[in-house]
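This document opens with one chain alone, in C-alpha cells, the form predicted alone.
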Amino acid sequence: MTKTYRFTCIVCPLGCSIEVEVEHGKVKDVKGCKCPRGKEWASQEATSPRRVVMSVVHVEGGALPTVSVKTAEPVPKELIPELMKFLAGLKLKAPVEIGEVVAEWNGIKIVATRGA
C-alpha cells in the first residue's frame, strides 16, 4: 500500500511543496523539491521524523532554579517521551556553563543553552 505525505519544506527559504510516496516503509518517489537537501529532509520526515528537543533541567545552587538545555542532535520522534522523562529526573549542580554537555542519553549529548 502506497501512502502519500505532503510537506512544506523548512530546509531553505524556497518553502517547496513536497510530496513523498512511501510504500512498505520505503520512499518510492519524491516530487516538488527544488534542491537535494529538501528531498533528503522530506524523505526522512516521511519515514523517520526527528527533532532537536529543548527543555529545562533543575539546577541546585544556581541563580535560577532551572537551566535550558537541548539535544546536540535530532532525536527520533517516538523516543521523545522517554527523553523527557530522563530530563525531568535530571538534577544539576551549579555552576553550569553555556554550551556545556550536562548529560548523555542513549548516546545523545544534552547541552546547556545558558549558564546557571
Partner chain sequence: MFPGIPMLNYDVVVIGGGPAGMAAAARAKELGLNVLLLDENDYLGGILPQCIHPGFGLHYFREELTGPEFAARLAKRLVELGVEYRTAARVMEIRNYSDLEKVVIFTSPSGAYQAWAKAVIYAAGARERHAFEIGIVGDRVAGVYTAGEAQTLMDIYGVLPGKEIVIVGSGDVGLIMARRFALEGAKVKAVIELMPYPGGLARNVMILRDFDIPLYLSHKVVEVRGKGRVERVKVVKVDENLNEIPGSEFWIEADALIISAGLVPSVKKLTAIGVEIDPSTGGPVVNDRLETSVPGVFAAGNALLINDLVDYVAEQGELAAEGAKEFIENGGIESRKWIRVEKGENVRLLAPHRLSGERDVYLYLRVARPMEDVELRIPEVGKRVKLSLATPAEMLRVKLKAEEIRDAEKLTVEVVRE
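Residue numbers count along the first chain shown, from 1. What you are looking at is a predicted structure, and each value in this text was computed from that prediction instead of being measured.
The form predicted together with the partner chain exists for this protein as well; it is not shown, and the discussion that follows is about that form.
- For the marked spot (Thr8, Lys70 and Arg114), a heavy atom within 4.5 Å of the partner chain in the model of the complex is present in each of the three residues.
- Taking the partner from the other structure, the partner chain in the model of the complex has a heavy atom within 4.5 Å of a heavy atom of Ser55.
- Proximity of Ile98 to the partner chain in the model of the complex falls within the 4.5 Å heavy atom cutoff.
- Although the partner is absent here, Lys77 is a contact residue: one of its heavy atoms lies within 4.5 angstroms of the partner chain in the model of the complex.
- In the model of the complex, the partner chain stays beyond 4.5 Å of every heavy atom belonging to Glu40.
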